[in-house]
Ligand SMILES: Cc1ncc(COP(=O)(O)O)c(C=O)c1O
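Let's start with one chain on its own, the form predicted alone, as structure tokens.
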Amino acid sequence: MRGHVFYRKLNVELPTIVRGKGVYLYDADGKRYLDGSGGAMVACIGHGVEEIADAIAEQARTIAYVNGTAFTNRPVEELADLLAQYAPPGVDLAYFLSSGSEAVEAALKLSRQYHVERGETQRRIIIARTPGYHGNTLLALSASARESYRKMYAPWLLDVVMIDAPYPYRAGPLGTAAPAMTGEALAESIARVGPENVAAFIAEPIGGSSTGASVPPDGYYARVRELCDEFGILFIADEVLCGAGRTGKYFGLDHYRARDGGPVMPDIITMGKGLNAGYSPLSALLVKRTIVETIERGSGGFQHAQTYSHNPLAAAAGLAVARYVRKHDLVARAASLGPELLRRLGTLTAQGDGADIVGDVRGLGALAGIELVADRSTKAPFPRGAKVVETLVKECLKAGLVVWPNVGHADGTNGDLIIIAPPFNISQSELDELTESMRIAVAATAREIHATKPPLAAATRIS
């Protein structure tokens, strides 16, 4: 342990990054890394964009902070107006915070307050999905199926009803049952706990790190919306990772249609990550106006306070990012990038060095997941103790590539995958470099696995 910084990971020596430009990061030793995951799926427009830095500097010179309960400010008002242009009709009131976990925490608390203000005080149950992840604050963690995070804090977590997530790669004899793919798992859960007791259902419209960019089937969210309407349940679309253009539409839910052909309407949208592209901490709730009007007629205020809510400096960064994305048509760029990204990464599954450990490549827009398996024919995962994805991340860094790992998705314990989420404006030559570095890292990982004596066996527990 060096210096005085308390890092999240205590048993690794972290390189010191001294600058970033475009898709690249540079460390203190001069090594260059292609940021293939935008850090934590954040840096969607690349590093070192001068006009974003200029906007932040100008705002800092003007006013950096005011108390959001005493004053409003222009960046907050303008960013809310811009987001309302992208949001579904009526889901047009923005509440700004600092992180995705905070946004989810606030959204879940808002769902409870809304029902209480309507006189339905018995509505306390949250329904979420497994695999799934919504954040690390205690209520958000309660709604997350991330056992490695939950175990330590289990005595402090609330009971949240979990249903199987739609997970096409594992939907079959070894995976989730049909109800998870059609939305009927939600119907069964609501019936079991009593619809009058359910406050909210929360889901990432397109799978994040927990399912490796898994894409639910058409019709899934139409059924979700019907059920929530039928029983008075709020539908929270967690767009922290998949929103702000990442999947080739501004919101991940925009890929789905209701039964009548119109948009699937969430009641609350959470945003983060690409909302500010990493230039300043920022997250948001976009809330249906009728929900806020209910509270306005009742207690008159949302019972959720954060010192840095509605912060002008963070909002100025988010506003500059949103304008940059619009100016350069980067949501359309993410959409056009998607097929090419999947085609190139899909070559990893072809016969060749390391192909036998790549079970699936999937995704949408500038978001892709690569799932690693011990047996491609059965989709059996590697045992967690083998730390396969950790090996792959290490080999990627050797090859000058940054990726994002996830574990435990196959059955709660076992399972290895990585997320690829490059800046939307990655060039063709940089995409070539990303693919080749990934190929080198996969091959090196496979060689290390196959060199293990005795050979690694597949995990015995399979979802």
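This is a predicted model, so every value here is computed, not measured. Sequential numbering from 1, following the sequence displayed.
Although it is not shown, the form predicted in complex with the ligand is what the next lines describe.
In summary, the region of this chain contacting the ligand in the predicted bound form, judged by heavy atoms within 4.5 Å and restricted to 98-106, 323-331, 378-386, 192-200, corresponds to 98-106. Taking a 4.5 Å heavy atom cutoff to the ligand in the predicted bound form, the contact residue among Ala316, Ala277, Leu241, Leu286 is Leu241. In the predicted bound form, Gly135 approaches the ligand with a heavy atom inside 4.5 Å. When contacts are judged by a 4.5 Å heavy atom cut-off, Lys273 counts as touching the ligand in the predicted bound form. Contacts between 191-215 and the ligand, taken as any heavy atom within 4.5 Å in the predicted bound form, involve only Glu204.
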